[in-house]
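The form predicted on its own is given below as one chain in structure tokens.
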Amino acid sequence: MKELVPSPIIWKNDELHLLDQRLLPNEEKFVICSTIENAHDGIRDMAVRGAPCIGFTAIYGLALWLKVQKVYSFKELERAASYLKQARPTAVNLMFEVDRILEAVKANFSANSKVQDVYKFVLSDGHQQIENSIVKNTKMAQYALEDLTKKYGVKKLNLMTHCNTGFLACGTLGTALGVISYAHSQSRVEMVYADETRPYMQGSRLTAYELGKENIPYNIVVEGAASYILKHKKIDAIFVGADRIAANGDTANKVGTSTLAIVAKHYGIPFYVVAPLSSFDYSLKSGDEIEIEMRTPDEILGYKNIRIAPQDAKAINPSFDVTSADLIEGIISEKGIVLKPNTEKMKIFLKD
């Protein structure tokens, strides 16, 4: 995979290089971030996307900030971190990674520490987190395939996914799309159905791009075709990612996920959420407490500077919705799988 698809996040020559996912699949071009402002804008404007890669970019953003400081100040570092958190409010990985690295810096450095030492520490942590993700995501894929094997035996599977949760979103093997990639490597995939994912088209632009690179058979479908596809195409399971998971299992993900889960429930098709523990937010009792990012109406009213709607049209553009836990067959993390999630069952992910 790494040889076929450009890495979406690269540290090179003391700068952060982000594969501009707004231009895919037609152009493979990198945005070069030399400042924390560049990293913030890359997250906000979705040059980089996917919960894990957003978190990694934030770590490198702090490294970029530290690189140009003359002296170390933890209070100023916290301000820089707060600035990065504002880029995408729903994606908990952003907050998780920023808070985690702040705690690590606080534990390892004093007010007299050299800023260059702190910079090297944060930079090394960014590298390490990307390396760790391949191990975590492989575990999740294995848990998922084990559960499907219990349900269906070793037959080839027809799978469906929403948005993009693959290499481009995670920097390594993906989460939900990583399950599909892993299943394909085990000769277990018959066909994949990828929602085009309006309005940003992550499915038709990015998921299809990745599936094609891996020679995985797929069809792109519009979200409005979900009922037809689930009724007629013998879908065995649906896998989606998550931007934030509440303590009871309610899950915020790309808008349209909840609709797909409701239709899947109607047809009795298992619906799985695949996400690392950094996407879990146990401070929130339910999905009702998850802040939903509202994006510019322009993403709906036009596409790539081409106006589609009437000039006086208005639009509402939530980037995410919340899927109720009672619609989810299983939530999968690197610690295992919780079937039919609820508040009590979800506590298992908190155990060491």
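In this text, residue numbers run from 1 along the sequence as written. Please read all numbers here as calculations on a predicted model, not as lab measurements.
Quick note: we don't show the form predicted together with a small molecule, though the next part is all about it.
Residue contact check for Phe320: one or more of its heavy atoms lie within 4.5 Å of the small molecule in the predicted bound form. In the predicted bound form, the small molecule sits within 4.5 Å of a heavy atom belonging to Asp243. Pro52 belongs to the set of residues with a heavy atom inside 4.5 Å of the small molecule in the predicted bound form. Among heavy atoms of Leu84, none comes within 4.5 Å of the small molecule in the predicted bound form. Of the listed positions (Cys163, Met160, Ala141, Leu260), a single one reaches within 4.5 angstroms of the small molecule by any non-hydrogen atom in the predicted bound form, namely Cys163. The listed set Cys170, Ile238, Ala194, Val179 contains one residue whose heavy atoms approach the small molecule in the predicted bound form to within 4.5 Å, identified as Cys170. Partner contact region in the predicted bound form: 52-60, out of 52-60, 282-290, 66-74, 28-36, criterion any non-hydrogen atom within 4.5 Å of the small molecule. Taken together, the three residues Met46, Gln202 and Asn253 all come within 4.5 Å of the small molecule in the predicted bound form, as judged by their closest heavy atom.
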